[in-house]
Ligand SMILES: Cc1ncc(COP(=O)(O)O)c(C=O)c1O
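Encoded as structure tokens, the following chain is the form predicted on its own, with no partner shown.
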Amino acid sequence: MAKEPGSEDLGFETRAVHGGEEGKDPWRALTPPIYMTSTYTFPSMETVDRVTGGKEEGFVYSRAGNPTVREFERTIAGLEGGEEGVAFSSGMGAISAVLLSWAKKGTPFLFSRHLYSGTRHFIESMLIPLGATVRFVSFPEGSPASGDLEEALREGAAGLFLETPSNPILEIVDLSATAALCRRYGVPLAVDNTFPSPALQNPLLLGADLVIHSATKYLGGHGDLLGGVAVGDRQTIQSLRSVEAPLLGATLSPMNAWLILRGIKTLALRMEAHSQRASLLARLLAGHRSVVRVHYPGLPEHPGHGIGLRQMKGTGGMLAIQFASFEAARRFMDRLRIIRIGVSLGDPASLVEHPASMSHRGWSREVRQSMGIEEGLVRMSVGLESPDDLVRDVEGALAGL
């Protein structure tokens, strides 16, 4: 459920800078304090009763809640247009909690075919061995109507989980149309919004029920932390906070929550810069004779270009480059000097990875191909270096092909 902007209707940048609980610190600190404690005390049993009974806000034990973490949860909920958020120690912590909460329904899980490798591993190593029925659905050119989704929804499902843009080939899914279809059949829709971040896309405002982030990436933005979060309606999030989050123990640390809050203050500016640099490199790569295809929603030839322009406020910092062979991809990566080889994304430093031999190495070639991952595919997270330096680096790497 999405929450409409408040009467103040502040801009995204203002809300990102001022956070979810501005002015609540008794000492009026401009920067939120870090509450580095595992447990909390009470002046009386009456206070215990009020806090544990939900009549008064408070904290008992930091596995179940912490003031710094709560500030992050409220901040991201506000930026995504949700009623509440619940934080986790990683993106996989958030994904695992949501999927395990769906497992209680006992009906099949639906997933888009193009998924982050960790999500796919969780499906195959946890959900399926535990007896869950799983079905992968397709979105030809981003449309839910032209694929097999409606048939799957008609048969019943615990929920639909998807990414848009997807990792690593940046498939775009029409969120408004997909959410409307899910509502028709009473199936919740969860969207991994890590790639665009709330600065560029707000799935809840397009009809989704849950939004998930790996806060490790663009929210933190500096490659120095792990974190995750789920945002949605109050009832769903409260259930996750009271059951899956504390029982899984995937608790976000106060220090990492504070670092994410710091990163969020510059999120809008960073995403604008990431998008500008990625667009520049995508156009450069798309025009080179050694490149078979560039997957980037900002390019007019991308199948989801029109949908992306409609539901996103920018085209993001991620792109994927299809070379003719693994050897061509390897030579390109090895010749880069500024852009480094690494599996993460969303950092100030630009990174490249080879999904077939790195993030998606654990699957057979046939399974990878079903996910759109060819041997010559390279994923690039475009950072914040000087655009001229990035262009020279890519041109130098391409010159060796």
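Sequential numbering from 1, following the sequence displayed. These figures come from a predicted structure and were not determined experimentally.
There is another form of this protein, the form predicted in complex with the ligand, and it is not shown here; the text below is about that form.
A.B. asks: Find out whether any non-hydrogen atom of Ile307 is located within 4.5 angstroms of the ligand in the model of the complex, and reply yes or no.
C.D. replies: No, Ile307 is distant from the partner.
A.B. asks: Does any heavy atom of Glu71 come within 4.5 Å of a heavy atom of the ligand in the model of the complex?
C.D. replies: Contact check for Glu71: no, nothing within 4.5 Å of the ligand in the model of the complex.
A.B. asks: Examine Thr266 and determine whether its closest non-hydrogen atom to the ligand in the model of the complex is within 4.5 angstroms.
C.D. replies: Taking the distances in the model of the complex, the answer for Thr266 is no, it never comes within 4.5 Å of the ligand.
A.B. asks: With a 4.5 Å heavy atom cut-off, would you call Arg120 a contact of the ligand in the model of the complex?
C.D. replies: Taking the distances in the model of the complex, the answer for Arg120 is no, it never comes within 4.5 Å of the ligand.
A.B. asks: Go through 248-256, 171-179, 288-296, 194-202 and give me the stretch that gets within 4.5 Å of the ligand in the model of the complex, heavy atoms only.
C.D. replies: Careful reading of the contacts points to 194-202.
A.B. asks: Considering the ligand in the model of the complex, which of Leu345, Ile339, Ala356, Met371 comes within 4.5 Å of it through any heavy atom?
C.D. replies: Contact check passes for Leu345.
A.B. asks: Though the ligand is not shown, can you say which of Asn167, Gln311, Thr315, Ser112 has a heavy atom within 4.5 Å of it in the model of the complex?
C.D. replies: After the contact test, the surviving option is Asn167.
A.B. asks: If we check the ligand in the model of the complex, which of the residues in 205-224 reach within 4.5 angstroms of it by a non-hydrogen atom?
C.D. replies: Stretch hits, in order: Ser214, Thr216, Lys217.
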